[in-house]
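Consider the single chain below, provided in structure tokens and representing the form predicted on its own.
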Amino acid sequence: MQPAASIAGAPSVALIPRASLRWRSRLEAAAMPIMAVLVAMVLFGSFCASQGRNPLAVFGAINKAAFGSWYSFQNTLIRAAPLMLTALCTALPARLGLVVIGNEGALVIGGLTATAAGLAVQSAPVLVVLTAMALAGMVGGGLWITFVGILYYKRGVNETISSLLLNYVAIAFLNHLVNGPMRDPSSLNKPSSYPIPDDKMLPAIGESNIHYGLVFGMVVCLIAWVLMEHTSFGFKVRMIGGNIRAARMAGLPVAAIGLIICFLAGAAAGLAGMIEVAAVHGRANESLAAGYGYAGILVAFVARHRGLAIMLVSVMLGGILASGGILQRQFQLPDATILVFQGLVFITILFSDSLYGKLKFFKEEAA
């Protein structure tokens, strides 16, 4: 390859082949999360050893509970469905450079609005009921995160803090409604809303226990991938995330695009809330705040905010969530031990971000 022509006596600069740039950057993007997860596994194994448990036996039990049989794999996929959708609540704004962690609140609000819509049209055909619930859940969750965007773009409020605090507001709102206006008098020990009729629930796929929420999650992830990677709108989003000042100078409506992304992010988490109501719980209660929103943050960071990778990581983390019980039964470890593993993965992923572009192997050599 010939060196580029020098300008005004400046030294010539060798051009770096495009293929070299592509494979090194792609390898780094794939290798860094994998190495971070491996480090987290080593740390978690050390923690288990400190508790007098064999780390290899613990990891073997986690694998068996998550993927050891068709029944256990079904439980993994059931948990993966809401994780795919809540992960998008963090992944989409991240492409703008925003760190939104209001996933749990958007899921709860989506579940509440979906329940209200389902009860309002419960006498209609099942397709109408489920459509109304899905739309209501997406609008409720979308508006919830859009409020975060309004606070950021109009008032300069930090989006991470506001979205985090709104999680607690949403949970308090849930508790108020299921203990008050929406409460079913027959729900004594666990205050809940009136139930969605059984024949209007989201059905399972074939003879399995897996509900169609998994299909919803996969389809939405695919749509998000196409939107962000293969459309002009996605290019505008990436441009804003890369350099917001340059985007404004280019005439892009930064605030408008940001609010659209916030709505889409919240709508995905709101749809997860609808799925939890229509396929799992059948009503709104405190079980909506089961932690899928917070786990979705981890999925988004491990997947590097990419729609296709989110599907794979959601299955992995869904398996980890499904294995909490076996650690308690087989190793007499607290059920929350699995949360230690999640926390270690999150910490190592965040630390790995500081290493991007600094490891010698992934740096481009001058041609």
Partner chain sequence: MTSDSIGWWGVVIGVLAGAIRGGTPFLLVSLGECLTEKSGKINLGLEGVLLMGAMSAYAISYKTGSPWIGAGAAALAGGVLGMLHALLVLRPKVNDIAAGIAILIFGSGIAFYFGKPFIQPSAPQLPGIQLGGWSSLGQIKAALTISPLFIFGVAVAFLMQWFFRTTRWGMHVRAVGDSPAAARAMGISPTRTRFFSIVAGSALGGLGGAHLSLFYPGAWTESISSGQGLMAVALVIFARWNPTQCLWASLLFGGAQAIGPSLQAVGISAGYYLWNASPYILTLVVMILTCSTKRTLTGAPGALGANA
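Source: prediction; values computed, not measured. Residue numbers count along the first chain shown, from 1.
Although not depicted, the form predicted in complex with the partner chain is the subject of the following passage.
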Stretch in contact in the predicted bound form with the partner chain, which is absent here, among 307 to 315, 332 to 340, 56 to 64, 34 to 42 (heavy atoms within 4.5 Å)
332 to 340
Residue among Q122, T160, T131, S72 with a heavy atom within 4.5 Å of the partner chain in the predicted bound form
T160
Of the options M218, L165, I205, I260, which one has a non-hydrogen atom that comes within 4.5 Å of the partner chain in the predicted bound form?
L165
A255, heavy atom within 4.5 angstroms of the partner chain in the predicted bound form
no
Exercise: R245 in contact with the partner chain in the predicted bound form, heavy atom 4.5 Å:
no
Would you please decide whether L143 lies within 4.5 angstroms of the partner chain in the predicted bound form, comparing each non-hydrogen atom pair?
no
Is A172 close to the partner chain in the predicted bound form, meaning a heavy atom pair under 4.5 Å apart or at it?
yes
Counting only heavy atoms, which residues in 95 to 117 are within 4.5 Å of the partner chain in the predicted bound form?
V99, I101
